[in-house]
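In structure tokens, the next block holds one chain alone, the form predicted alone.
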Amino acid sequence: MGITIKIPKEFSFKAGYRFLDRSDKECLHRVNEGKVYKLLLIDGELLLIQIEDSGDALTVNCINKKVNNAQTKAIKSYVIEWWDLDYYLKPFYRFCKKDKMLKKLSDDHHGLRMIGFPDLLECLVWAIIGQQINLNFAYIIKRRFVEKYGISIVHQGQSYFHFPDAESVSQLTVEALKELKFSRQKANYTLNVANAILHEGLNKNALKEMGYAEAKATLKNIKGVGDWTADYALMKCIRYPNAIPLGDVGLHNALKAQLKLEAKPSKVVLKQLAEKWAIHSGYVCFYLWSSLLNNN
């Protein structure tokens, strides 16, 4: 029997599915024929879940094992967090109506939820991998990393992978990561993050209990985590609504296209926009990123 997750009114499975289908090099989920597949590790067991749209709800099934009540609850919580289903979007849409660009964005992507990262290590490592390289190459490096050091199952001839944990990553060497095309710096940064989680108490709950400024400062204390990486994690994993990686190239390109600018917006303009967007900054950024999919 499937797990039923009631969906909010402001929700589009189609929009979320499209976002998850943005790269054929993605290795941590699979989309096929209107269904999303994701491998979870719960209570020491690898559980392959299948998510599909059932109209007024999402139906989630574990397709490789029978799950108990605790695992069922954990699966449901994971999906709700991953797809940001608990977030109340109506205030964001009311805010968007006051601005021509934002209204178009919210109309074009209505119901899109900020699909994020329930796992802090995965989020930070993905951000580190993506520093100053194009997205396509970042996916290639992540795939190499996950396939070599993650855990996996094979189901009906398909391999499904789970991101390695902090203990596994902390035991790697810089040279091992360089073989996967990590730069020396990014290899060190990845190890720094894993060790901060494993040995220094860095975790989601602690970051959520801090104010935004303190949480950002805490992340930036880790060598290799700068403004962009910290804000990316605070936006996509910790879910601070005002977190926005203002240095992001994709954000700049999307703004240039949406505002029909001749050049990318300046730092001054970006800061002014973020102040204007305030607690809606994260969702504005996510919708701007999603607008780039229309051009692919």
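Each residue number is its position in the shown sequence, starting from 1. Computed from a predicted structure; not experimentally measured.
Although not depicted, the form predicted in complex with the DNA is the subject of the following passage.
The stretch that touches the DNA in the predicted bound form, counting heavy atoms within 4.5 Å, is 184-192, out of 161-169, 184-192, 209-217, 102-110.
Using a 4.5 Å cutoff between non-hydrogen atoms, Val249 counts as a contact of the DNA in the predicted bound form. When contacts are judged by a 4.5 Å heavy atom cut-off, Ile222 counts as touching the DNA in the predicted bound form. When the DNA is considered in the predicted bound form, Gln131 lines it closely, a heavy atom lying within 4.5 Å. Using a 4.5 angstroms threshold between heavy atoms, Leu135 counts as touching the DNA in the predicted bound form. The three marked residues, Lys14, Tyr37 and Tyr78, fail to reach the DNA in the predicted bound form, with no heavy atom of any inside 4.5 Å.
For the options Lys73, Lys97, Lys148, Lys178, the residue carrying a heavy atom within 4.5 angstroms of the DNA in the predicted bound form is Lys178. Residues of 206-241 that come within 4.5 Å of the DNA in the predicted bound form, judged by any heavy atom, are Ile222, Lys223, Gly224, Val225, Gly226, Asp227, Trp228, Thr229, Tyr232 in sequence order.
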